[in-house]
Ligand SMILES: Cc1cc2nc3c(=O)[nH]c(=O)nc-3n(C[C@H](O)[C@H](O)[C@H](O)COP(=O)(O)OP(=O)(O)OC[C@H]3O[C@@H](n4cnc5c(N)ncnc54)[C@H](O)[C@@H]3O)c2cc1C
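For reference, the chain that follows is the form predicted on its own, supplied as structure tokens.
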């Protein structure tokens, strides 16, 4: 029996764990540093058709329809005056069984973990990784030691496992952006609860989208903001009421009543990857944000975590895992470049360049060849 360890019970770790569990030749253990998996946060995620196709392999299509939503369009607006700029019909990329989906992150996590209760070990923080031929020895802070044939690292953008292997040489960097998240309840008077609304502003943009048929909406804003190195490390700062108030006062031209609708509002700094790390041992792999963390301006973080996890599992099954790193790097670079370009375009501030952007957007979003190249190459795996 092939022994597999998965470090981190996030989206990528739980998804690949589901794939391993469905094959009886693998003995699976998931190590999670927290004491439980947080299912309280109702923040949303977007899943494009490339990931829905893969999730359906583990019966995501059987998830209750009340827990997910299929928007048809992304409507683009101006933050300055709320005027609609144009729209993108994302349903054009749908198939009968694979549709662009929005839902609460907690709903997806709950779905992914439901068959893995016995495989998850909580309160396990990794302290040492040793590689002896093809056997991988893992030591945890509680002094327990385990040996495995494969180690899958999926413990997030601040991956401790990755730091141990790279000797702290590969670290994420703050990309001068703050994220503001919250939930708008279905009882609010928001005008469009059936589509994704994207508002573009000066060094700022925000997105509102449905996460369930009952009308609950996810709110996510990205704002350019400088932080000192000490501020980046001070996580208590982002729970400070005065700091939060100062940040919200800098948000451009949003109706005060709009913010009155938002619940569970949180602010946090956005960290992204700037380089790749290849483990020398072919039996140790990184997936999800541990592999590479994107700017969140292309809504592909969760989808790429799922896609990468499936690619790795498929390569391990077919003894071609030496191809995984190169193939995943190529796809990741494509998505990362689009993510960075989106944020640049969404945050234009000069009136002339903003006008030109809007003109180009109207034309490009009607151009099938452009859409097939810019979105189709990402959405179709």
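In this text, all values refer to a predicted model and were calculated from it rather than measured experimentally. Residue numbers count along the first chain shown, from 1.
Heads up, the form predicted in complex with the ligand isn't pictured, but that's what we're talking about next.
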property: In the predicted bound form, segment of 59 to 67, 330 to 338, 308 to 316, 24 to 32 with a heavy atom within 4.5 Å of the ligand; result: 24 to 32
property: Contact assignment for the ligand in the predicted bound form, among 302, 183, 136, 85, heavy atom within 4.5 Å; result: 302
property: In the predicted bound form, the one of 284, 126, 98, 79 near the ligand [non-hydrogen atom within 4.5 angstroms]; result: 126
property: All of 71, 74 and 348 with a heavy atom within 4.5 Å of the ligand in the predicted bound form; result: no
property: Partner proximity in the predicted bound form: residue 193 to the ligand, non-hydrogen atom cutoff 4.5 Å; result: no
property: Close approach of residue 49 to the ligand in the predicted bound form, 4.5 Å, heavy atom; result: no
property: Exercise: residue 288 in contact with the ligand in the predicted bound form, heavy atom 4.5 Å; result: yes
property: Exercise: residue 198 in contact with the ligand in the predicted bound form, heavy atom 4.5 Å; result: no
property: Any residue of 187 to 222 that, in the predicted bound form, places a heavy atom within 4.5 Å of the ligand; result: 209, 220
